[in-house]
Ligand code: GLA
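Quick heads-up: it's one chain on its own, the form predicted on its own, in structure tokens.
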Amino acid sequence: MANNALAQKVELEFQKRFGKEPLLIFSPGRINLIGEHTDYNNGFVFPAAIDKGIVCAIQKNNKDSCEVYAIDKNRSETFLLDHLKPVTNNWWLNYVLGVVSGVQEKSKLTENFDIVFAGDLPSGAGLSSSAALENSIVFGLNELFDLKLSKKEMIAISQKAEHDFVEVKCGIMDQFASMFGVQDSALLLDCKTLASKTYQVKFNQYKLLLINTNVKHSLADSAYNDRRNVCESVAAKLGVTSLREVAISDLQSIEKDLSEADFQKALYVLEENRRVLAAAESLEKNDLKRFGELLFASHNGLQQQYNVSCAELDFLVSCAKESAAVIGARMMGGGFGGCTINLLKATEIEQFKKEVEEAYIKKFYKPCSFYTVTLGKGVFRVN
């Protein structure tokens, strides 16, 4: 397991601080092959769990409060089970508090506990460190107290934590991919029904390379919730609950009632749903050329229609388009920074990295970062 060293570090820290043997949970981050900003529109997405994530150590204590220690932040916080409210000065704590609050609503916890966690996901890279943290906490509590929550109940608690305590109205994709991921596979997920189909991913002579702009984005940024509000407003004008119920012809019927910007945002969502289904079909047929074309088309929609890209992301995708080694690339995640996902010849990765690194520094006077990822399995107990 790629995360043995991480698990060992977290376990040792827990033993040192609390003098007990903890339960250890590994909760992966995720990539999304295609299907961005479609999840909160009840649409289709195509994510996969990865081999990087968060390890959480958890155990009951005999104290009158709970304690959580974030190794990467070197911060410890205490909280009371009967006083769980969002805090204003500590964003990561809200993920923890939100999940504990959601568990309390389902199954009243009567004993306090301690948590230590750390991760190897780069922050702000769009790899869903927040969903990985949420899932690690809810899965750990489920194991520790034998709550018998189903995985679908657990991801609902994780999502609600983000909505209520972090005030990001995220869809369900990140939590689902992190919880249900399958080794060497991607999940075609219908966010309306939560039905999913597993596709074993065989990229043959190609590999996935993530390039981090090192531009930090925050999904709590108003722009994310603004996009969601636009989509809900357009759906309401058509008398439906989400854009999933809408055909392009329906959208065109109210085009005159919308601003051009709002029309394009809604149109992007409808077109992206089509691209996701086409991408799954192309993988099934092993048509990687078509798959790559869909990645480039997805980025174009995110850049030109949904307006969630940035200069750094666009530059990296332009570099990918100009390279004979790359067959597809796009921005990934909420936008305004984070990573691009690139599908390119495995034998050309080092040369491509070298070229991009030089060009990026020359253009933006700062470095970008590179990660190769392996598709892994969903949340599991390590020990």
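Quick note: we count residues from 1 along the sequence shown, nothing fancier. These numbers come from a predicted model, not from an experiment.
Separately, the form predicted in complex with this ligand exists; it is not shown, and the next lines address it.
Stretch 332-340 is the answer when you ask which of 58-66, 349-357, 332-340, 310-318 has residues with heavy atoms within 4.5 Å of this ligand in the predicted bound form.
In the predicted bound form, at least one heavy atom of Gly171 sits within 4.5 Å of this ligand. For Gly35, a non-hydrogen atom is located within 4.5 Å of this ligand in the predicted bound form, even though that partner is not displayed. In the predicted bound form, at least one heavy atom of Tyr224 sits within 4.5 Å of this ligand. Shown without its partner, the chain has no residue in segment 282-308 with a non-hydrogen atom within 4.5 angstroms of this ligand in the predicted bound form.
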